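One chain follows as structure tokens, the form predicted alone.
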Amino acid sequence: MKKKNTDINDLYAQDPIAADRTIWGRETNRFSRRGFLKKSGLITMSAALGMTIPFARFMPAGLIPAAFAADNAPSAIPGKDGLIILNDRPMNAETPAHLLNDDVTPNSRMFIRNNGLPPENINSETWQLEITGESCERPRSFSIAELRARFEEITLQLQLECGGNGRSEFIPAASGNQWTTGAIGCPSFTGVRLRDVLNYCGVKTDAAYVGYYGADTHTSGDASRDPISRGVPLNKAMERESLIAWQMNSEDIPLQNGYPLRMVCAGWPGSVSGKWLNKIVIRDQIHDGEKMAAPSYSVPTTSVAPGSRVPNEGMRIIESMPVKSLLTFPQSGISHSFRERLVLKGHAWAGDNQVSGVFISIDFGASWLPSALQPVANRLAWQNWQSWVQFPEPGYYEVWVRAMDDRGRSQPMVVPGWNPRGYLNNACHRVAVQAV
């Protein structure tokens, strides 16, 4: 398959409908995502891909072919395998989709999303976690050894996803790290239930929220500034799956993922699962820490036009993440014999909810086939799925995956409603395949 021209990505980022017209000569109604390539445009696109496009008549308008998606080279990060750096101060790096093929995400392939700089010279034996706040009856501190000795130790597989995962697909561009699909992982975490620790310290009847503080430092170097201090409503903190964890996949949590202690509140934006955890506050109001107020981790309460300015009072805090799926095998851009079945594998997740089905399309969403969905390891883990397809003739194809949750909500085929910070993109994942 021919390599893409980076100018194509730039043009689609500026205006996807105009890019269709400029590059392929397609005239399309701006308000319709279905359109037909003119014969000349089809010839141009086929020539660029180096093959015919059997289902071109179903190709949505303004959607760059998956074969042309930017493929940044991985960078070396100690303890990580193949991650792509988006920002190095603070460190933010995502995992290419094909490296997320494991049922349980290995430590080496867990994405990195930091707001501050990790602490240095950590001594896990002397590390202290303070529990306090105006709605805490008995404030006190625990060492990690005391947490392990006093409370039940449990291990759960839990999904963590950055609220901005998929941000790079929004048009116009939204500010922030331009994640593609790789700010997601589902490792196993070992620790104690957050609720056990909160109940031990006493939760007053007026308690409403639980916030965290970490030992990371602000990128400015100003010790008086918190890089981030977020949290969750009390009912989320009290779920059986909300943890204070010290291990990931039976090993110490990697430094960039929060060593030696972190909160894990799966199913919500990863920013509520505080790293380098050294303080938890039980609040009688919505926590007012850094990046709790809009527009951080907030979306408009009503639909807005792309590029709109939205006042902070018109925003709401993101809670449960939307239904989503990922196709992790094969890697995008492969060649495969059209005479043979192509096995497909991946994962699906749905925030606080469960996945009810995963569907596959090879004709740009004109038709869908169900896949085999494996049982979930535990609540708030992703679900692994597997399927296969066979292409009817040689040519260029895109395999699309779409998940549905147990409340009947399905992924959109294209990028959902725009928001200023580019959160909650759960559009279908697409992989390019050359059938030969």
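In this text, residue numbers run from 1 along the sequence as written. Everything numeric in this text was worked out from a predicted model, so none of it was measured.
One more form of this protein exists, namely the form predicted together with a small molecule; it is left out here, but the text below deals with it.
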Subject >> the small molecule contact in the predicted bound form: residue 256, any heavy atom under 4.5 Å >> reply: yes
Original post:
Wondering, does residue 276 line up within 4.5 Å of the small molecule in the predicted bound form on heavy atoms?
Top reply: yes
Subject >> Heavy atom of residue 169 within 4.5 Å of the small molecule in the predicted bound form >> reply: no
Original post:
With the partner left out of view, is residue 360 within 4.5 angstroms of the small molecule in the predicted bound form by any non-hydrogen atom?
Top reply: no
Subject >> Candidate from 271, 157, 181, 328 lying within 4.5 Å of the small molecule in the predicted bound form - any heavy atom >> reply: 271
**OP:** Find the only residue in 115, 332, 298, 105 having a heavy atom within 4.5 Å of the small molecule in the predicted bound form.
**Re:** 115
Subject >> Partner-proximal stretch of 206-214, 141-149, 341-349, 303-311 relative to the small molecule in the predicted bound form, 4.5 angstroms, heavy atom >> reply: 206-214
